[in-house]
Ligand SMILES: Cc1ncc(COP(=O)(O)O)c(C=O)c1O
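In the block that follows, a single chain appears as structure tokens, in the form predicted on its own.
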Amino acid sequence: MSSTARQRMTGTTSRRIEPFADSIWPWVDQMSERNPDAVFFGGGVPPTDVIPIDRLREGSAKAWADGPEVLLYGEVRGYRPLRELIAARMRARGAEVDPNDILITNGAQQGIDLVARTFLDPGDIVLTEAPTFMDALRVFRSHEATIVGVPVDEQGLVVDALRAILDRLPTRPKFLYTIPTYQNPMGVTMSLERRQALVELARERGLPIVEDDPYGELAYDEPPPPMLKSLEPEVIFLGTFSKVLAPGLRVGWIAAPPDLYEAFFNVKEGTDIHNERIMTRSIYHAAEGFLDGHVARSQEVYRRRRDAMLAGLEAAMPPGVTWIRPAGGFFLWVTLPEGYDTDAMLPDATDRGIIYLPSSCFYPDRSWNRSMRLNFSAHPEDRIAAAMESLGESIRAQ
């Protein structure tokens, strides 16, 4: 962030508001302390009333009924029935995956870290979308990687720009990290044409693709294009139950090509020995015969909340503000006119009752500061409408 933006990060109180360094969350905590009544629209979670607590409780009871041997060491790969369930769900979306090639992880976040541990040495180049998931950027920075951003527009990652970047880089990147479906933070979905062009370019250049898919089942208009994994079996696929069940469960997976599986397995075993065996069984018992219906019910809730946010923006935003209509996922991306700075605006927005995440935290070089990510999944429609009015007031005040 520029020194000018830092100087402007002061609010109406005497306390100085310091912008984030590597993590935005201490900064968000400062905002929450500044106005404890402000509503946080920066998260990416299901609301508590959508989490199927009774079904999860039933699944947990079945897991504990499996006996004390469940509490011993074992199952580095993960509970076999859960891996079979994951493979069946991926198959229903067009990707043929062997359960033996699925490794259960402590959330998709551990999957990102296992990829980094397997591939990266200090100074290696990683390609990501720009913008992208900020906690993936944190992982890659922790491994001292050089992160190069690839532009994203309303059709997803711009493959022609990726080709140009590959042509000018001094060495081949270790991999490309992408969220092609209901992307975090922009909410965009890569078109089928671009997905096909991307996998063709990756084959041509020997570029591994890491496909992160936390939101792919949460479609609100029509089904998304095929997963990259269904177009190219060599894609390294990351999945999670955090968005379709609950983030506190911390259960995700890697579906890896067979020649990489053992590398991920060895790194995983060296990291935490094995998965949490009660929780993986609980999720299996809860999800079996239930998850499809639960996802469908969740889609209805999120669709209404997305539409409420779109309507609120239409009613409250001043001229020149634009936004992207997401077809699924949890996020809506709002861009302000030239001259605005969403880092500098956040304290005022907080004072007016809304906390968002500024765009700079989603870029490898933190260069873009005219957009913000708004989450619509976690709040009811009336709260969303009121927050959009407050946001409009804050933008006008700038």
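In case it trips you up, residue 1 is the first one in the sequence shown, and so on. Remember, predicted model here, so these are calculated numbers, not experimental data.
Unshown form predicted in complex with the ligand; subsequent notes refer to it.
Engineer: Which one, 112, 244, 126, 283, lies within 4.5 Å of the ligand in the predicted bound form by heavy atoms?
Structural biologist: Selected option: 112.
Engineer: Heavy atom within 4.5 Å of the ligand in the predicted bound form: which of 194, 143, 250, 89 fits that? Just give me the one.
Structural biologist: Here the answer is residue option 250.
Engineer: Counting any heavy atom within 4.5 Å as contact, can you tell me which stretch out of 211 to 219, 75 to 83, 196 to 204, 298 to 306 lines the ligand in the predicted bound form?
Structural biologist: Looking at the partner contacts, the answer comes out as 211 to 219.
Engineer: Would residue 107 count as a contact of the ligand in the predicted bound form, using a 4.5 angstroms cut-off between non-hydrogen atoms?
Structural biologist: Yes, residue 107 is a contact residue.
Engineer: Just to confirm, residue 237 within 4.5 Å of the ligand in the predicted bound form by heavy atoms?
Structural biologist: Heavy-atom contact with the ligand at 4.5 Å: absent for residue 237.
Engineer: Check whether residue 133 has any heavy atom within 4.5 Å of a heavy atom of the ligand in the predicted bound form, and answer yes or no.
Structural biologist: Within the cut-off, so yes.
Engineer: Quick one: is residue 184 in contact with the ligand in the predicted bound form, heavy atoms, 4.5 Å cut-off?
Structural biologist: Answer yes; at least one heavy atom of residue 184 falls within 4.5 Å of the ligand in the predicted bound form.
Engineer: Counting only heavy atoms, which residues in 161 to 184 are within 4.5 Å of the ligand in the predicted bound form?
Structural biologist: 177, 179, 184 sit within 4.5 Å of the partner.
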